[in-house]
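We give structure tokens for two forms of one protein chain below, kept apart as structure 1 and structure 2.
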Structure 1
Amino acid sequence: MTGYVIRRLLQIVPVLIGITLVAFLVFYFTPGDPVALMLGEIGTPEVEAQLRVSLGLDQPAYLQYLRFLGGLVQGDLGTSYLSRLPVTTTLWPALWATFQLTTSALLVAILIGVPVGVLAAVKRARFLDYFSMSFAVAGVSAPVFWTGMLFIYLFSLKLRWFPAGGSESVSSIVLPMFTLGIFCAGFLARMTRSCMLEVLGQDYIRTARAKGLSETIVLAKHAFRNAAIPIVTVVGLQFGSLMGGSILTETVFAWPGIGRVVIQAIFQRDAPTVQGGIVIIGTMFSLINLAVDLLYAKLDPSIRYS
């Protein structure tokens, strides 16, 4: 197990290098000058030249990229072109905000999607099955920005139960949490139903029932545990995707997450912030995938890593 974890961690390194290289090249060849954007109309050729030297933009592309990688090895993600502050001072709070939103939304998705999917599988081809899958399709099909605006209109403007946006209070997370949670619950419910239906048709399930075990034990101990691996995979992928920035939801609710920060940095051509955000997002996604792989062995004893 330890050797497997070390190999997987080493595999993350070239992936992140490739991601940063692509991000750097896209910014390097995109029209527009960050120095001109920073100075605006007040910039003179002399001031622009001095600023370009101080930012290292006068150097060849490969030297700029190598300087970024050198700082990355030391835990330095660079300095923002606009705020002139270390990128980490902006990204770490944004990452924490996204982590709060993502974990709470996934909790909502699991609490809603898994029971709905199990119920649909147990009551296959009955009213509850059709009703549950209708909910799942509606959750997946509704755009998150539309759901978010609907929630703002109903629960903020009309009922005045929750704030319309921001992160000033604990209640501010409720609306974006349920907006994302319902969307993810639709995927999770459909996956849970499919996995449960496949497992419920197996011989060992019929054997467990023939032994006289209660339906609750059959479903929980035998059926759901064996159906859990693909469900955990979906949860892990959704968690990694959401940690990459739920941009639409964060924008609708003015949530200060990392996706929103990176998008703003792209429009402002703040390359260090964008590259730092990409490194953090790529690292989080890779670590989440590793955690999901390791969880497989806990769910299925037959899986071993050598």
Structure 2
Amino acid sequence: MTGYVIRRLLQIVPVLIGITLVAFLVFYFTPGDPVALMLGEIGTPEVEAQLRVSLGLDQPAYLQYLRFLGGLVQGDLGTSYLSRLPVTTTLWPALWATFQLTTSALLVAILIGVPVGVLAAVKRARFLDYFSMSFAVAGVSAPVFWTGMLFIYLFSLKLRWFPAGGSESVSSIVLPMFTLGIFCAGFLARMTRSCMLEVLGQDYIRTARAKGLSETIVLAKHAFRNAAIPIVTVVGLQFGSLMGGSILTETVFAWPGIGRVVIQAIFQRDAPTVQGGIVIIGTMFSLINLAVDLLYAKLDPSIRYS
């Protein structure tokens, strides 16, 4: 196990460096002149030149990248061109908002997806199986931004149950949470079903039934417990992909998350904020996937040796 952990930890180092490189490239190639953006009409050529030097924009790309890395190791992700504040002042609170959205969406997904998947596996090849699985495919096929707008139309504009966007009240999170959760629930239901089916085909399930155990005990104690290992992994990996889906959900619902901040910054040409956001999301995503891998290796010893 220790060898596996070390190997896996070493693997993530080049990935993290790669993430900073991608983020820097986005920063470097963001169109528009930041100096003009910051000074507007008031800049004289001297002031502009001075600002360019102080931002380090007069230096070649590789020096700018090294400077960015140097700041990064000290926890400095750069300064926003627009607010003139460290980008972290907007990015950390936004990350927290994204975390709230993704965890609650994951909860929705687990509460819907896992029971539906178990039920579909138990009622295999019967109406309930086909019925629930066709909805599960719809869940993964519908674009989240569109589901979100349908929810806004139905539950906000027509029924007036929940606010259409923002984050002012507690109920603001309900629609985005379900939008993102349902997308993920479809995937989870499908995975749960196939994990359960695999376990239900095993010899020990037949043995348990032959012993005369009740079907409930067979399903709960023998089948679900063993299917739970791969399901946990899938849940973990979903948490990462929820960060992707949240970019769209946040945009639709004006939820103040990190995805929305990055998208806005792209349009405002605030390159340092985009750069910082990409580093944070990429790093979080990689760390979550690393944690899931390690957890999986702990649960299932055969992984470590492959």
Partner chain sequence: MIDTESGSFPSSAMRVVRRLLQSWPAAVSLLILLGVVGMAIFAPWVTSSDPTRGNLRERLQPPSVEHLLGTDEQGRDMLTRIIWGGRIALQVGVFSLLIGLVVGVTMGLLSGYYGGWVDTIVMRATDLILAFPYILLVIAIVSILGPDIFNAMIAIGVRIIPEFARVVRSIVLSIRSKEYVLAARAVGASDRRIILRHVLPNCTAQIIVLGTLMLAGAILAEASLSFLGLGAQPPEPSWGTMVARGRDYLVTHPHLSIAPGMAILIVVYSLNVFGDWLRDLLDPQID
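Here, rigid core means the biggest group of C-alpha atoms that superpose within 1.5 Å across both forms. Start at 1 and count along the sequence of structure 1; that gives the residue numbers used here. Quick caveat: nothing in here was measured; it's all calculated off a predicted structure.
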Seminar exercise, completed: In this pair the form predicted on its own turns out to be structure 1
Exercise. After the core is matched up, is the C-alpha of Q64 off by 2 Å or more between the two structures?
Worked result: no
Problem set entry | Yes/no, V252 Cα shift of 2 Å or more between the two structures with rigid core fixed | no
Problem set entry | Cα displacement of R269 between the two structures, core-superposed (Å) | 2.9
Exercise. How much does the C-alpha of L10 move between the two structures, in Å, given a rigid core overlay?
Worked result: 4.5
